[in-house]
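Consider the single chain below, provided in structure tokens and representing the form predicted on its own.
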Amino acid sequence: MLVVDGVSKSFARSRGEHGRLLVLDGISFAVRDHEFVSVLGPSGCGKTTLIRILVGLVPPDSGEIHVDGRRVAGPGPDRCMVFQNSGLLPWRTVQANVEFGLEVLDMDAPARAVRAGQYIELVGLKGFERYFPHEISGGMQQRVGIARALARDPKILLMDEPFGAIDAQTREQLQEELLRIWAETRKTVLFVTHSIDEAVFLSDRIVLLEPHPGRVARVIDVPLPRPRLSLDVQDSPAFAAVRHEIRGALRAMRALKPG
């Protein structure tokens, strides 16, 4: 469903410094239809830059991106993004925020209301349609962001550390909810995170990036059965084995690049 082929990106250095800073260097990997893949790596490996390139907000310097066999070079309805913060419009209700993306598609008002209601119910927020963002919790706001993205029916859901600013207990609950929603919708998901446990719990495979510049170090399979519940999976020997493998790979990266 998604092919990333040799994507590189650099940015101009800060004032007074010469040259450009290479952030991504020849990134290549593929994501299958209906697969849940996480991109994991330390700070400085270009995770957020990569996902912004994939959604079309930032152009690559070189390389190509293909979605369902078609080369893409900018934003499109086949990809929707859930940001680190929910990005909700504070003057709009939950219902109106979920409908926002459908307005861009020129969907008529009755159809928008029906579809938005379906996805609000899917993320567990039925009854909160008329609430404003400041009236609901951070975890609920992220659910609205997920519903807004899913309502557009994209082929690929791109998620940039969506639970990073949420407390640990709520984060665990949202991880399980995300897997439930993914199982129901069967979307292709690319999920960016800096949490090893989160990546292992959620993913079919993990793309591990090394930093300075970002390169694909390894692609790691996660051989854990589905469906997954946090308490059952995270205490299992298989979970511990994958986590140990990733930690070993990250330690090796630090040894090779001490700076």
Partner chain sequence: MKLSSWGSSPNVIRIASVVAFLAVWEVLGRRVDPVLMSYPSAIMVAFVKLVASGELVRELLRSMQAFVAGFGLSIVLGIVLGILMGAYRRVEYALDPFINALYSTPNVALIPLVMLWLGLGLKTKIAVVFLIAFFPIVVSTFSGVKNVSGSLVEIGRAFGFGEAQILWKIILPGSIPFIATGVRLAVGRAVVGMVVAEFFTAINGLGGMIIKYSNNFETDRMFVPIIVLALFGVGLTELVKVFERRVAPWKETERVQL
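All values derive from a computational prediction rather than experimental measurement. Residue numbers count along the first chain shown, from 1.
There is another form of this protein, the form predicted in complex with the partner chain, and it is not shown here; the text below is about that form.
K.L.:
So which of 164, 75, 124, 138 reaches within 4.5 angstroms of the partner chain in the model of the complex, heavy atom to heavy atom?
P.N.:
Filtering the options by heavy-atom distance leaves 75.
K.L.:
Have a look at 65, 224, 220, 55 for me and say which one sits with a heavy atom within 4.5 Å of the partner chain in the model of the complex.
P.N.:
Of the listed residues, the single hit is 55.
K.L.:
Let me test this: is every residue among 110, 117 and 119 within 4.5 Å of the partner chain in the model of the complex, going by heavy atom positions?
P.N.:
Looking in the model of the complex, the three residues 110, 117 and 119 all stay beyond 4.5 Å of the partner chain (heavy atoms).
K.L.:
Even though the partner isn't displayed, in the model of the complex is residue 103 close enough to the partner chain, meaning a heavy atom within 4.5 Å?
P.N.:
Residue 103 belongs to the contact set for the partner chain.
K.L.:
At the 4.5 Å heavy atom threshold, is residue 143 in contact with the partner chain in the model of the complex?
P.N.:
No - in the model of the complex, heavy atoms of residue 143 and the partner chain never come within 4.5 Å of each other.
K.L.:
Report whether the minimum heavy atom distance between residue 171 and the partner chain in the model of the complex is within 4.5 Å.
P.N.:
It does not: once the partner chain is placed as it appears in the model of the complex, residue 171 has no heavy atom within 4.5 Å of it.
K.L.:
Going by a heavy atom distance of 4.5 Å, is residue 152 a contact of the partner chain in the model of the complex?
P.N.:
Looking in the model of the complex, residue contacts with the partner chain include residue 152, since a heavy atom lies within 4.5 Å.
K.L.:
Would you point out which of 208-216, 29-37, 47-55, 195-203 contains residues with a non-hydrogen atom within 4.5 Å of the partner chain in the model of the complex?
P.N.:
Correct option: 47-55.
K.L.:
Of 82-115, which residues get within 4.5 Å of the partner chain in the model of the complex if you count heavy atoms?
P.N.:
Stretch hits, in order: 83, 87, 88, 89, 90, 91, 92, 100, 101, 103, 104.
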